[in-house]
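Below you'll find only one chain, the form predicted on its own, shown as structure tokens.
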């Protein structure tokens, strides 16, 4: 009798083992990350990494990728494209990662992404430049904004205001330069004259000479296409040099930049972007975003100050959804499944069904007024422009 019971017990244990998800014990889905944690734009890299970690924790608490626990293999690119290539090579050849998430600095993604694509590794970049998504890299996706998609939305604000001339100030970094070029082409096609164009080099801190040249051209508006913490000092110097006009920005003017520029100087900065930053959780009235902000605050003891955190969270959520659709963690299956993903992101709907490997294909425009990001259309309809003219004394 004991022998029979023992045989039954063995059989039941065998059946129980078969019921466990078909992943070997201890087996994980390894995602390699390469972010600039030190270097010129490290604040952005740190927040993106923080959000990726937060998202991975959430995914692991809710079943992982088809039963596999997600493990991060993290490297610091030092905000260097050359280092990003070295890291990519290591992640592929030594760490043998299953997927990868790349930097917010588009120059690093442009340099590293082709290695992942050639290796057939599922990859998301967090930079916003149009350039690297123009490449024929089927394994490379994005869950952040494409600056090129923002350009026509932002440029149309000029039409709404009746402006005819603009000056452009841009950096030489990939996203800054490429976006400024697209803006210039778009303005010309709209009959808006670019009366001045100035630039800066990495490491510059005094922009007064360029500002003087732009202001002497007497533009209706000034566009700034810069990256990282350049935005704060630049806006502060624009206002200190007497420019009181509306500033058009290539992306949202984030809390980290407002802290440097000053709240008053940051008034009347307009932009197109899926999302904005908030001073506090209570300032946000979007449930999903509010939930994320509270989660981030609880985990790290401070509010999100850049939109890089949003990009990191959205990226992991899209990858997770693709794994559910695919029912597999193999790269080709994930790639195919991503083209079927439609989920709610922190900036609205992430929809990959058009096949362009981009999630955010359209979004809103905003203007900063008294520290608040106001929908541009609402601002116009409620007399905001007239109030701006009265406040600044600028002619309509």
Partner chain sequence: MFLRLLISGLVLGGIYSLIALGYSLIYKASGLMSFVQGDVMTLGAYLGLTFYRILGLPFVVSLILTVLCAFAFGMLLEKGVIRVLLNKNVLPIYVVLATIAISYIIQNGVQLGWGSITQYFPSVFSKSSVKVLSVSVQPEALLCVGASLVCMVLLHFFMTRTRFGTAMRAAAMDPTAAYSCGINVSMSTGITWGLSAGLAAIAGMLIGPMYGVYALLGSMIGSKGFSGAVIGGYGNMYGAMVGGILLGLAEVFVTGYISSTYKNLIAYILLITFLFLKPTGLFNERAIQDD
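Numbering follows the first chain given and starts at 1. For clarity, every value in this text was computed on a predicted model and none was experimentally measured.
Not on display, but discussed next: the form predicted together with the partner chain.
Residue heavy atoms within 4.5 Å of the partner chain in the predicted bound form occur in exactly one stretch of 207 to 215, 319 to 327, 125 to 133, 96 to 104, and that stretch is 207 to 215. Interface residue among 369, 54, 43, 333 relative to the partner chain in the predicted bound form, by the heavy atom within 4.5 Å criterion: 43. Of the residues 356, 349, 362, 38, just one reaches the partner chain in the predicted bound form with a heavy atom at 4.5 Å or closer; this is 38. A residue is said to contact a partner when one of its heavy atoms sits within 4.5 Å of a partner heavy atom; residue 259 meets this definition for the partner chain in the predicted bound form.
Taking non-hydrogen atoms only, residue 89 never approaches the partner chain to within 4.5 angstroms in the predicted bound form. Contact annotation: residue 236 falls within 4.5 Å of the partner chain in the predicted bound form, judged by heavy atom distances.
The closest non-hydrogen atom of residue 201 lies within 4.5 Å of the partner chain in the predicted bound form.
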